[in-house]
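The data below hold one chain only, encoded as structure tokens and taken in the form predicted on its own.
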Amino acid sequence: MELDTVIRGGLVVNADACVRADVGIVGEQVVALGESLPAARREIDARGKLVMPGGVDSHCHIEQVSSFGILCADDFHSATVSAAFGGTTTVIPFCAQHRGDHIPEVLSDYHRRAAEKAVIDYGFHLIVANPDEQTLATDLPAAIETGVRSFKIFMTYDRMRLQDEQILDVLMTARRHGALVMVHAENHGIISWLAGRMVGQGNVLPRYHAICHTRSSEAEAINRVIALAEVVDTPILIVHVSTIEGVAAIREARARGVKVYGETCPQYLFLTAKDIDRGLEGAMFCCSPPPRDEAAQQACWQGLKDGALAVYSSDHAPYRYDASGKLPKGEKTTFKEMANGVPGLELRLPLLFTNGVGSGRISLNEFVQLTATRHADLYGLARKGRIAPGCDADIALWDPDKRVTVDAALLHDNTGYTPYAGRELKGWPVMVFSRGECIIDQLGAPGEILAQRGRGRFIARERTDAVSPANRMIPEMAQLAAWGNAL
């Protein structure tokens, strides 16, 4: 067999092993992994480099209008270019249904925009804000059939949150049709009650955002949605977990057999509430939930290590620090009016490599597991997340010794700032392949994107074991099932 590309002499890192080997590519796929592969049309010298699967970022917001009505700073071109420069080759952003929106129209709109602009492969999640009969009985099952196999629901935000009964309806639909439900878990009542009083007292700076989004609001909501999921025995994934109590709740539920997965993000490992306490500039660090403290950071690291937190995603939510994003009313903007979210798509992997692998907190194999393989396995991306024959040749060559001092001017998103400015990172992707095509070459063409706009491909995702019920229905529901009653 004649090979198109051979990546020679690097340390190939998968989630289960590290091996010194050549990687042979034909067309879009890896076809061989071994020593001394035959010559190819293109030879890549990877000696001294790590050869790792391209990252999979399963939580990012791209060209999305928020519940505040504010459009993200990144469109599908800038976001996917930024992802590629950071070593990520697949993203799963959200198609947001707002109240009154029809899901087929929402999906069609996002498909069009992504197909025109994306430079890497992508899937979609659906945000469900209007779980009426049409949505539940027709639109969600139809979306699942097209390969959109995950929904996100909110337990807070006035325009997005679902009541418990509605959450149960969505969970049951997901159970019937084989989809994973992602949950933004915060107690709306606690947050809105506190926020109303803070604003009424004139306490409007960003620091009060962190005060109102209490640790207890996250813990209560996580425990409540776990209880709801147990009623109908539906697997769920709690996104952006930030607290000691939240990690503990997930760990305890998993220990008793509940199918609940957790996710955390860079802002909960590398930022704290102190970052928000910078006067109005703290808006650049406002996200929901907010960063906590060093003890919470340590709990999230432990959750990644022991499996309570299954994946590490960016939750990239880019809003500029101006009237178009964070400051719609300029200096008079209150924390309740600021767009929630921080950028992180490009730095997600280098931050974890430096502070995880570099500090000895996690191994190289765990790095790949948390940033690529487990995302692929949970979300049904069968040919992503690993370097093996038959898989897509989505590969990032890393220079483990390359040092970069973070500066917004070096990044490729449209946010205009980064909350990680000034940090020195060690370990950086220097060459990136997407389905066998070299799209980033920091060795030969630094600073340039080599991919054509629109070359990214929609990936219809498959049903996975992650969405299979655990057969742990609570006794009352099990009795109903035994009697033959339909839920």
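In this text, residue numbers run from 1 along the sequence as written. Note that the structure is a prediction, hence the values are computed from the model and not measured.
This next part talks about the form predicted together with a small molecule, which is not shown.
In the predicted bound form, the small molecule lies farther than 4.5 Å from every heavy atom of Pro206. None of the heavy atoms of His375 is located within 4.5 Å of the small molecule in the predicted bound form. Contact annotation: Arg423 falls outside 4.5 Å of the small molecule in the predicted bound form, judged by heavy atom distances. Looking at His125, you'd find every heavy atom of it more than 4.5 angstroms from the small molecule in the predicted bound form. Stretch-level contact check against the small molecule in the predicted bound form with heavy atoms at 4.5 Å: of 153-161, 166-174, 77-85, 96-104, the positive one is 153-161.
Contact with the small molecule in the predicted bound form, defined as a heavy atom within 4.5 Å, holds for exactly one of Lys384, Arg292, His240, Arg348, namely His240.
A heavy atom within 4.5 Å of the small molecule in the predicted bound form is found for one listed residue only; from Thr272, Ser288, Ser192, Asn355, this is Ser288.
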